[in-house]
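The chain below stands alone and is given in structure tokens; this is the form predicted on its own.
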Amino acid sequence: MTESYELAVIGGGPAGMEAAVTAAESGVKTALIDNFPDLGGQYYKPLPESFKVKGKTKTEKEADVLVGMVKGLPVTQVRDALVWGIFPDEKHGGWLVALYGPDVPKKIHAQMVVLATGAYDTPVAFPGWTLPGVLTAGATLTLAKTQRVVPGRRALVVGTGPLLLSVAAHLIDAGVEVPAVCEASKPLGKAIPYIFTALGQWGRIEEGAKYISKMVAKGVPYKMGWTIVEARGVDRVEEAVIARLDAGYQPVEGSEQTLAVDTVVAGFHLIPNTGLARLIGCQFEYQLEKGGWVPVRDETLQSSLPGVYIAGDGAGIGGAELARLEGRMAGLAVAVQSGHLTHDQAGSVYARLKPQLAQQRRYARMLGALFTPQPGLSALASDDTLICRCEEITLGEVKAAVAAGARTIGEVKMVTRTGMGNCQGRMCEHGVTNAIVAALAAEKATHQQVGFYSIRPPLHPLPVEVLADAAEDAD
């Protein structure tokens, strides 16, 4: 028998936990689903129980409070569960959420859904980016913070955004030598209009200052307007070439420097994780400074599909504080729509949230303006650089497809098989889209025209028997 809920929240990070707490406090029968064994998401990812640490950080204390709130409410937690599909329930209305994992139901029914799926590192292809020793910023932080594993002995940190400072500081704490941090953007020159916005984020400023002080103490240069142009090595990374960037984010010839390293950490900001929202047919629009393709939402965070709400970084990059506030908003909206709260009751809570939301959204706009990786970075890849790692398709093959007449990413996918591997385009869509737009510059093609990959279930690779069982259940 399929378990039934008024609300299914998918994602156990800051936005998802807040949505579940707010809805459950109002009496909404809620299930909170996450693919990790423990709640927290990427931002609040807990340390293994076997680790013993002295004291807790401010972030860890926040996580304990929020997780405690979830556990103190009648929220059904479905953890270590992969959501591989969401389907309209034609018989009962609402949605069927298909799950895979140990000791989890095959599916649950929910009248409404909150998608709080977060974000992931923006992949930027450059010669050598597939060598062992090239890691994303998110993976490196997971290794250093929650696994206490160092990725190498000498690590170059490249990309864009304040996360680079955190990565560098954690590597330094772990005893890794960091020869440089290369920030592709030039934030100081663009920061003047956002001074008052930044001053409203004093906690974040203090955190950043702490990271910078660790870099200064070790003499780590912070090179703004620089990035990697090539990673070299035989069986793994042995050296990296960096260069200064021009106003179009393309390398300046003659500025190259070669560094001996065994690790390259590449963190080019973040991309909203929108796979489930695409799979069920939500409407999208392209907003570069929010991370690319983002779902269209109304003021209550409801998507173009009634009863489907989207909160947090999965709807546009904005950080954990904004994600938490949006989670509360979505939970309130569900409580109103399900009849557990009146509009007047919710309105008083909305009124208290609005000033905080406005402040955090200003911060999100500042992040986007200062650190969004620009399309010019796509020029780092050469024609023989793999751009789709799953299907081993090069940039040159993508260009050839465009030259042969392909005009959308869907057409390029049909010709080349980009995006048809296990990751369903999460690793290559950013690069392929930018490559198509660049190849069609004479036609003034836009990202909106080029489009995004279509997503079909299963959203993630599954054992064949799971799909067979699902097909039998459907019959």
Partner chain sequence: MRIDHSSSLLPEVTRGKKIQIVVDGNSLDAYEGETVAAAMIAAGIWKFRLTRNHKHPRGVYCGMGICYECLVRVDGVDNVRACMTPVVDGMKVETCKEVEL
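Residue numbers count along the first chain shown, from 1. For clarity, every value in this text was computed on a predicted model and none was experimentally measured.
Heads up, the form predicted together with its partner chain isn't pictured, but that's what we're talking about next.
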Q) Pick from 243 to 251, 300 to 308, 179 to 187, 164 to 172: which stretch has non-hydrogen atoms within 4.5 Å of its partner chain in the predicted bound form? A) 164 to 172
Q.
By the heavy atom within 4.5 Å rule, which residue out of G275, G208, P375, G152 makes contact with its partner chain in the predicted bound form?
A. G152
Q: Scan S382, Q356, T142, T258 and let me know which has any heavy atom within 4.5 Å of its partner chain in the predicted bound form.
A: T142
Q. Honest question, do G27, K61 and S338 all end up within 4.5 Å of its partner chain in the predicted bound form by heavy atom distance?
A. no
**Q.** T408, heavy atom within 4.5 angstroms of its partner chain in the predicted bound form
**A.** no
Q.
Since only the chain is shown here, I'm wondering whether S213 would be in contact with its partner chain in the predicted bound form (any heavy atom pair within 4.5 Å).
A. no
Q) So in the predicted bound form, does any heavy atom of P105 sit within 4.5 Å of its partner chain? A) no
(Q) Within 4.5 Å, heavy atoms only: does M427 come near its partner chain in the predicted bound form? (A) yes
**Q.** in the predicted bound form: members of 91 to 112 within 4.5 Å of its partner chain, any heavy atom
**A.** none
